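To begin, one chain is listed below as structure tokens, in the form predicted alone.
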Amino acid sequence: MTEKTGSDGSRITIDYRDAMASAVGAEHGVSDAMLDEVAPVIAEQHQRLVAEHESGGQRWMDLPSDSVLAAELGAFADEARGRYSDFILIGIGGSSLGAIATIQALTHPFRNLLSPEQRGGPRFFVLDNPDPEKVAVTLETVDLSRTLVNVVTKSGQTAETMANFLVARQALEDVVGADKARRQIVATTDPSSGILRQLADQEGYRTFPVPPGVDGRMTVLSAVGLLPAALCGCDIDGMLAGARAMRARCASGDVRQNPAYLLAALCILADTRLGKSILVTMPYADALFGVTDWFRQLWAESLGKRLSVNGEEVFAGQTPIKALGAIDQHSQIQLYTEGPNDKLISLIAVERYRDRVTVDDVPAGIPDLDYLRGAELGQLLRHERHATAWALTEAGRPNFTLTIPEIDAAILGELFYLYEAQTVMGGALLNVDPFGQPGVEAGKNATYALMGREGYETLRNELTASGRGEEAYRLAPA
């Protein structure tokens, strides 16, 4: 049960045999009958998605084809890489996770420590959480006179992003003056409306678009993710080519031919039929750990919904967990193999690592280390993954493996598109809207109220009167 590479340029292989009932038992594994049962539903939902796209919806599908924007981003990045020593990305959630994942996957792991010639562009910093300690030391670390700031928010309503931006903006102005600071700021925002758009137009910032009709967590293949990637020297054309290859491979409505739909079916069936309410994503490559962070938001925010599309309370969603092989074999795998059997584990394998490191010799007189003489670290990591998959399967814990030939820009584009298509079909199978984030709005509004934003007085009064400070429920130092 290996879903093999198609002839359209896609290179990802999916081996899902260990997620099936034949491997881990009917109580814990998906059966062929389950896939047969869900196949017509997926085919019908595929046709709906195609029709919606043809009528102007599902615009995330168009992002891999925007070669005009890619050329504009590339030209801007080529010029900026020679001008700036430091680059600060200001954004949170979908406005930063994709860029972080891309740069982590495709550049040197210690990129900021390299010389300017070695790294091929400015040092990369991110202000996402409004943690005053991180913000302060970041602004102290960079050379503000040669720092480019990219603020990313569709509407400008995100409190964390705008607060961090206003602090960074003031720091720039204090060092270089208001006029020069304006030229060191790039805004990625809505093309026509919103607070940040208003500010960008007022101040004359260079702008790039957050694509209309695309949720923030689906924008990694737009200027949101591609501009930071290009500034750090990543091959954004290769990423888009890989995404197009995966899009072509996902053109079928057949659950056993479309890799995104197959993964959606495995995950949702495991969740709703087999009690696997947790989805663990575990790459065996440090460079792909950022992808798990990006996917975690995508899966959680898209599918974690109280209401179905019919307005019924369903409290849907499978909890995504990130892990890293082989590190988490020494922290989480004990729980996964012997704890509650409530997880589906997705392993990501790499056939060829970009470096080869061998153990050339071992100390004499310690025979227990002889097995490592001549060992290659990539081989060790691959054996670790095989061993983990075997141990999980032996314990009746369903798992599957995505195998990529190597980590490059095209593969990363494939992974991004694959996971987006998987998530959209996952929403269809759960009968929830995978777009929007209504569950986040309550916290946002409460934050506005507590910060004294105009128009939120009633909510602020409610929060003040909520009794959260009652001494009977607080344990404080004596």
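The structure presented is a predicted model; accordingly, all values stated were derived computationally and were not measured. In this text, residue numbers run from 1 along the sequence as written.
One more form of this protein, predicted in complex with a small molecule, exists but is not displayed; see below.
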Practice item. Look up in the predicted complex whether Ser222 has a non-hydrogen atom within 4.5 angstroms of the small molecule, and give yes or no. Key: no
Review point. Can any non-hydrogen atom of Val440 be found within 4.5 angstroms of the small molecule in the predicted complex?
Key: yes
Practice item. Would you please decide whether Asp271 lies within 4.5 angstroms of the small molecule in the predicted complex, comparing each non-hydrogen atom pair? Key: no
Check your understanding: Given that the partner is absent here, does Ile92 sit within 4.5 Å of the small molecule in the predicted complex, heavy atoms only?
Key -> yes
Review point. Which listed residue (Lys276, Arg217, Lys305, Arg247) meets the criterion of a heavy atom within 4.5 Å of the small molecule in the predicted complex?
Key: Arg217
Revision key, fill the gap. Answer key, the small molecule contact in the predicted complex at 4.5 Å (heavy atoms) among Lys154, Arg169, Lys343, Arg385: the residue is Lys154
Review point. Does every residue of Thr319, Glu420 and Gln422 put a non-hydrogen atom within 4.5 angstroms of the small molecule in the predicted complex?
Key: no
Practice item. Given that the partner is absent here, state which listed stretch (325 to 333, 133 to 141, 287 to 295, 146 to 154) has heavy atoms within 4.5 Å of the small molecule in the predicted complex. Key: 146 to 154
